[in-house]
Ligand SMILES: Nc1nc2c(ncn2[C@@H]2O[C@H](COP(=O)(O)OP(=O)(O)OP(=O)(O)O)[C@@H](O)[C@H]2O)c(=O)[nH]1
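Just the one chain here, the form predicted on its own, laid out as structure tokens.
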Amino acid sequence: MRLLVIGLGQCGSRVADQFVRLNKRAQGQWGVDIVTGTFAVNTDQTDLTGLTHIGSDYMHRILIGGRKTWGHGVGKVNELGAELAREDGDKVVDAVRTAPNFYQTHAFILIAGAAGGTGSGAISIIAQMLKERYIGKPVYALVVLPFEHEEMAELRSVYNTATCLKSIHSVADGVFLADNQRYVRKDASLAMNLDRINSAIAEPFYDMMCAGEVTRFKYVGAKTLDAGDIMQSLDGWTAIGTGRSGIPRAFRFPWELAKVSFKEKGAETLRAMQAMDAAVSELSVGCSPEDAGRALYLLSAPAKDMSMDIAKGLGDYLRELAENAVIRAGDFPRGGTTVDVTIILSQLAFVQKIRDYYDRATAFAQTQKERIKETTGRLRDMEDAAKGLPSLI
């Protein structure tokens, strides 16, 4: 599957930067492009300067709202971010056509942090513009949820997150959720944590995007997972995860290859199950597989370590976990010394974290209305007290 990636705001742009790295890896490993173009959009010029992989020209790093923000951001006010996206969104819509492989794009994916100002406000506006301009191409969103300390210290972050999620869900064809808190490592520095988290958010997409683009015969799966399968599996709230299990290698002479013991054969299936368990536990957002209406899994491993037994076992296992879902599956026979399983759970009927954001944001909005009313009354009292005094102006 070939995606055109647009990062919005600081968080979204830095995750989009990681997709360029994934594409370079796919070019070196398989000789294919899985990303047809990558763009960063922001109201803050300094944030755009901090990117590593995205092209540094003005068509790939797009500054919007410069006339109103002077290149210094919107200060977490996502209403302003949405307004600037409406005014300057044409810059983004027109820029994507400059990608050399634009017409080979299967879908757009827009990435933003939900708690900020620019990305949170702009993502639904740009998604709507793309859907109106490029009819027939799905528009997906990857929304990064805030850290716990951001939610506790800044109630505005919760409000931004809730309004962002409500808006993008009504526009996008599918919304991937990535919870920052699930990737945190307490002992790492802030910069290392953020860089590793951005990489971890993008990584599960790699095998899924490569599997249907590889053209070398020995790497084409018996059941290829192509763009059509992926697009049919995505709808509404979506979680993605990948799990890995190592393959121990024992040296064998050629005439001994047929003498694999039943224990070793059983261990092959167990490794695949362990990888699927890891993928479920590492889903990008906490959710119950029972709530999924659609599900997909991709088995990636050396060809000799994949069998019908393993495929059947994984399928049965996922059916037990997501009993209400329509399940699609594929395999990707590549080299290496690991068994990887990528899982997508989509059309999620319930996500507890989203419900919590909606409840807390509604309470915050009501509290703000009451506070504004109280503040206005007190200011009016002060003005009344000063009516009898002369003015020097």
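All values derive from a computational prediction rather than experimental measurement. In this text, residue numbers run from 1 along the sequence as written.
We do not show the form predicted in complex with the ligand, though everything after this point is about it.
Only one segment in the set 319-327, 68-76, 281-289, 306-314 has residues whose heavy atoms sit within 4.5 Å of the ligand in the predicted bound form; it is 68-76.
The candidate site formed by Arg271, Ala275 and Thr342 is entirely out of contact with the ligand in the predicted bound form, as no residue has a non-hydrogen atom within 4.5 angstroms of it. Here is the short version: of Ile197, Leu234, Val139, Ala99, the single residue with a heavy atom within 4.5 Å of the ligand in the predicted bound form is Ile197.
For the candidate set Ile201, Ala172, Ala211, Cys164, a heavy atom within 4.5 Å of the ligand in the predicted bound form is found for exactly one residue, namely Ile201.
For the chain shown alone, Asn23 is not a contact residue for the ligand in the predicted bound form, no non-hydrogen atom being within 4.5 angstroms. The ligand is not shown here, and in the predicted bound form it never comes within 4.5 Å of any heavy atom of Tyr219.
Using a 4.5 angstroms limit between non-hydrogen atoms, Thr38 is distant from the ligand in the predicted bound form.
In the predicted bound form, no heavy atom of Gly241 sits within 4.5 Å of the ligand.
Taking a 4.5 Å heavy atom cutoff to the ligand in the predicted bound form, the contacting residues in 137-158 are Val144, Pro146, Phe147, Glu150.
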